[in-house]
Structures are given as C-alpha cells and as structure tokens.
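Starting off, we have a lone chain in the form predicted alone, written out as structure tokens.
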Amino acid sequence: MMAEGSRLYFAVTVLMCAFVSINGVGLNDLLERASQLSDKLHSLSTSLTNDLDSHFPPVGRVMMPRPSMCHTSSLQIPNDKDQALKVPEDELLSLARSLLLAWSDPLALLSSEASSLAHPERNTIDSKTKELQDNINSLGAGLEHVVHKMGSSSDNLSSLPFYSNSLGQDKTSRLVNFHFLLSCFRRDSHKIDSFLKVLRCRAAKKRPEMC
C-alpha cells in the first residue's frame, strides 16, 4: 500500500504539473486546479502536525506560544464562509495571495531546520516540509495566472513580514517553535483553501448556499 506521504506527494505533483502550459485555460478551470492544490497543501500540513504530535514533549505544550503570536494574525480576514461570501472576488484573491507570500521565509526556515530536529520522525518531517515549500510556490505561481484572468485589481497585497531567522538554541525550544510555526501555517492553509473554494464556487455561478 502506498504510504500517506507518497500518496500526497503523487497527488500534489500531478496538480503542480497541471499548472504547466495553461495558456488558454479558463478561469473556472484555473480556480478548480488551485483549490485542489490548496486542499492538498492543507492535508500535507495536517499530516506533518500529526507526525510532530506523535513524539511531542508535554512541556512543549506549555511552552507553545498563543495563536495570536502567529506573524499573519494581524491580517484582517473573514472568520467563516458566510463572511467570505460577502467579500469581493479580487479582495478574496488578494488575501489568499498575501497569506501565501507571508509563508515564503518561514517555510524556508522550517525546511532548513527539519532534518536536525530532536524527533524520531525527522526524516519524514524533513521530506514533507520540503514538499510544503515546493507546493506553496507552485500554488503561488498558479494564482498569478488567476490574477491575470481576473484583472490587475487583484494585485493589492498585504505585507506580513517574518523577522525570525532561528528556531532557538536548545533542542526543546527548536521543536516547540517548529511545531508552533507549523500550526500557524496549518491554520492559514485552511483559510487559503476556504477562500479559493469560495472563488471557485462564484466563478461557477453557484448559489451561495451551494458553496
């Protein structure tokens, strides 16, 4: 049976390839591909979180920063689907792209640190973290094509800087901060996925209650 990580990798690779040579592809199809990739991205981050939780020290949960400490927490976004349905399409796309861009540096840090974590699943964590980094870049490139289809008004992005270049000095702090950043990303990946699904639904002219 194909391992979970391999299945995710295969599915995401297929979706990444779908963004190649997409000249002439309509907006509906672009949003369908983007929402499928964002769904896989969220699934991969959830799988990574489960890997970390399998051997996470109890003290780590005490040390874990609050969600409000995530570097993207200042971004004003819809709290649920009903609110998202009221946001203009170009603004919703800009929110999704702003969140994606905000994770470029943090994911690079996680990718560089994963292989040396004090965790028995670090090889798996390292592999999946690199997949996350590759896949978020692919989704970002795909959304550039969506912007082109929707018009330049979708290009108003929010700046969400990430200032840290280290996860800490001791092994417990590094593991805790890795887990914290990943939990922030998992939360944001769910938001991105939700926004793109709303955009896909609107592009298909579905009724709000069907979204």
Partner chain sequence: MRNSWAVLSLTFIANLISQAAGVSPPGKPRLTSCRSPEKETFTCWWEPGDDGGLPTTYALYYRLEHSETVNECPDYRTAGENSCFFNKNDTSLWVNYNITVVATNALGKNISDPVEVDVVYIVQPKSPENVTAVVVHEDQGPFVKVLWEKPRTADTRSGWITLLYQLRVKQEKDKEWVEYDAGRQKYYNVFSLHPGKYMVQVRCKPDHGFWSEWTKTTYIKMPDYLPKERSLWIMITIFSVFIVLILIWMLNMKRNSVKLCLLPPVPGPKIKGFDKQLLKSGKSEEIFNSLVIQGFPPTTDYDDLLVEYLEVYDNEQQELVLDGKDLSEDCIKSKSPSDCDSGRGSCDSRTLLLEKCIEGREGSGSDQHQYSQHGETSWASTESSESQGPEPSSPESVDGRVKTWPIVCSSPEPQPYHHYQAGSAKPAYHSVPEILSHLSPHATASNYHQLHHQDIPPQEVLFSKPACSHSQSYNQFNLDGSDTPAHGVPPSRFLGYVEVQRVNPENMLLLRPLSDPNSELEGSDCTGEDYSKVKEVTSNNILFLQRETSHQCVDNYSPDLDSQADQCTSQQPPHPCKPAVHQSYSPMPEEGMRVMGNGYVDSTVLMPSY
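Numbering follows the first chain given and starts at 1. Basically, rigid core = biggest C-alpha set you can superpose within 1.5 Å across the two forms. On a predicted model such as this, the values are computed, not experimentally measured, just so you know.
The same protein also has a form predicted in complex with its partner chain, omitted here; what follows describes it.
*Asks:* Answer for K171 alone: is it within 4.5 Å of its partner chain in the predicted bound form, judged on heavy atom distances?
*Replies:* No, K171 is distant from the partner.
*Asks:* Please tell me whether any heavy atom belonging to R61 falls inside 4.5 Å of a heavy atom of its partner chain, as the geometry stands in the predicted bound form.
*Replies:* Judged by the heavy-atom cut-off of 4.5 Å, R61 is well away from its partner chain in the predicted bound form.
*Asks:* Answer with yes or no whether P67 is in contact with its partner chain in the predicted bound form, where contact means some heavy atom within 4.5 Å.
*Replies:* Yes - in the predicted bound form, heavy atoms of P67 and its partner chain come within 4.5 Å of each other.
*Asks:* Quick check on R186: any heavy atom within 4.5 Å of its partner chain in the predicted bound form?
*Replies:* Contact with its partner chain, yes.
*Asks:* Its partner chain isn't shown here, but in the predicted bound form, which of 119-127, 100-108, 70-78, 132-140 has heavy atoms within 4.5 Å of it?
*Replies:* Contact-bearing stretch, as computed: 70-78.
*Asks:* Whether D90, A96 and E144 jointly form a contact site for its partner chain in the predicted bound form is the question; each needs a heavy atom within 4.5 Å.
*Replies:* No, the whole trio is out of contact, none within 4.5 Å by any heavy atom.
*Asks:* For the heavy atom contacts within 4.5 Å of its partner chain in the predicted bound form, list the residues of 180-199 involved, in sequence order.
*Replies:* In sequence order, R186, R187, H190, K191, D193, S194, F195, K197, V198 come within 4.5 Å of the partner.
*Asks:* Take the rigid core as the frame of reference and indicate whether the C-alpha of K130 shifts by 2 Å or more between the shown form and the other one.
*Replies:* Shift at K130: below 2 Å after core fit.
*Asks:* Just checking, between the shown form and the other one and with the core aligned, does K81 shift 2 Å or more at the CA?
*Replies:* Yes; that C-alpha moves by at least 2 Å between the shown form and the other one.
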